[in-house]
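What follows is a single chain, given as structure tokens, in the form predicted alone.
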Amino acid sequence: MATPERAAVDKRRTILDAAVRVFARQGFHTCRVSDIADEAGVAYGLVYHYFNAKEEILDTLFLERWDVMLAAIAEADASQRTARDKLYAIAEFIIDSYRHDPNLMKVIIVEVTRAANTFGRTHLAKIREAYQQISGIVARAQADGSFRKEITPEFAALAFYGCIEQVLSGWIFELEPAGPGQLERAKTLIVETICGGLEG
């Protein structure tokens, strides 16, 4: 039998998972807390027991996933792999995250990282952490001669993550097919697109 603490954690997770589906389906700004409660199969008031507002729910979803991604970038960077292979590992992690939970990735991209006047601005420092980690990989590769120095590490990081985000957006908005083959091929193409310029 679950403890009260475990039951509370499970209920909170149920609400968060329901919110992902609602935000992805209806958009953050057009949905209501009652929509999330209905999707989760819980009373309206219970959502407010765990979260002050739907904004806090979106914050939580973003920060949970972004922290996992930052840890994945740090793990790739700490390895003994080449800079190209480190960037491949990062692209692989993000694309596999989309494969595992496309709704969550849609919410993060559409409702947070691209929402420059709202949540994107709120979390700008957190978003920049990812770019700084990636630019560090590039800078060290430039220092050891693996990458050209004509392209600044900061610009390379923006181009790398921007390329990934644009590819994901194509899948999210069904502009491009997103079968298993396309997802696997995208990992190589993204890295080749960026590293081809950095190594040239």
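Keep in mind it's a predicted model, so treat the numbers as computed, not measured. So that there is no doubt, residue numbering starts at 1 and follows the sequence shown.
One more form of this protein should be noted, the form predicted in complex with a further copy of the same chain, which is absent from this view; the next part is about it.
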**OP:** Report yes if any heavy atom of residue 111 sits within 4.5 Å of a heavy atom of a further copy of the same chain in the predicted bound form; otherwise report no.
**Re:** yes
**OP:** Using the partner position in the predicted bound form, report whether residue 175 sits within 4.5 Å of a further copy of the same chain, counting heavy atoms only.
**Re:** yes
**OP:** Report whether the minimum heavy atom distance between residue 52 and a further copy of the same chain in the predicted bound form is within 4.5 Å.
**Re:** no
Original post:
Does residue 155 make contact with a further copy of the same chain in the predicted bound form, using a 4.5 Å heavy atom cut-off?
Top reply: yes
Subject >> Partner-contacting position among 139, 69, 33, 159 - heavy atom within 4.5 Å of a further copy of the same chain in the predicted bound form >> reply: 159
Original post:
Which residue among 134, 57, 167, 40 has a heavy atom within 4.5 angstroms of a further copy of the same chain in the predicted bound form?
Top reply: 167
Subject >> a further copy of the same chain in the predicted bound form reached by all of 12, 16 and 102, non-hydrogen atom within 4.5 Å >> reply: no
**OP:** At a 4.5 angstroms cut-off on non-hydrogen atoms, which residues of 121-151 are near a further copy of the same chain in the predicted bound form? List them in order.
**Re:** 121, 124, 128, 131, 148, 150, 151
